[in-house]
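Next comes just one chain, in structure tokens: the form predicted alone.
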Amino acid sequence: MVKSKNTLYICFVESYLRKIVKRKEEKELSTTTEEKIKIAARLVFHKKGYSATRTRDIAEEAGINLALLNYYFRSKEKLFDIIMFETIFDFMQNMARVLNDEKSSLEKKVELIASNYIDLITKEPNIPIFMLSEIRNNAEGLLEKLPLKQSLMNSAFFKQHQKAVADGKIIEPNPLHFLMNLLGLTIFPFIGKPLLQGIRGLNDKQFNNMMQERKKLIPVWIKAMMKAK
């Protein structure tokens, strides 16, 4: 009788453990599939944009069937909104970390932003066009979701810039000009890459080498543009 009870208990425990393992595996599978879809969507949306992308394109890129994609993400619009927000948030978050670093100087912030974004866009060259398109189409919506104004106005960068202006080291009092110059010098070459390559007959490796050179050149140019006479 005791043996029978022990047997039943063991069976119960084994059954319970199997259920736990199964639930864990199902959860892991769900997370893996969802992440796989998002990775595929990011690649396709960045390359083609919203209008030219079909959900079937994303499913094929993810290596799954269309029904499974629709199970996890009910519509192309919903999936696109997620990818768009994450892309721009990650891009801005990268800059926010640099701008809010109390320990680094204004000059060091210029170096870090130029270097970080050149490396990022070299790896993901479709990001600038994707972002420009979405910023143009939904600037108000993005400003509501991303606290860009507060992040800039309260940043260590803003305080350092204002101090440099007060000390007579920088002649331009508007910090937006500073940022526009910096981001323009860093990002525009990637936007104009096909034209620039055509003008000079550059292949991708040669173009990327030029962008690596700009990591050192951009801080020099920014310093020359912004300093007081």
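The model shown is predicted, which means the values in this text are computed figures rather than measured ones. Start at 1 with the first residue shown and count on from there.
Below, we refer to the form predicted in complex with another copy of the chain, which is not included among the displayed structures.
Contact check for residue 174: a non-hydrogen atom falls within 4.5 Å of another copy of the chain in the model of the complex. Another copy of the chain is not drawn, but in the model of the complex it has a heavy atom within 4.5 Å of residue 131. Among residues of the shown chain, residue 179 is one whose heavy atoms approach another copy of the chain to within 4.5 Å in the model of the complex. For residue 200, a non-hydrogen atom is located within 4.5 Å of another copy of the chain in the model of the complex, even though that partner is not displayed. Between another copy of the chain and the residues 82, 120, 156, 135, the one pair within 4.5 Å by heavy atoms in the model of the complex involves 135. Using a 4.5 Å cut-off on any heavy atom, the residues of 175-199 that reach another copy of the chain in the model of the complex are, in sequence order, 175, 176, 177, 179, 180, 181, 183, 184, 185, 187, 188, 189, 191, 192, 194, 195, 196, 198, 199.
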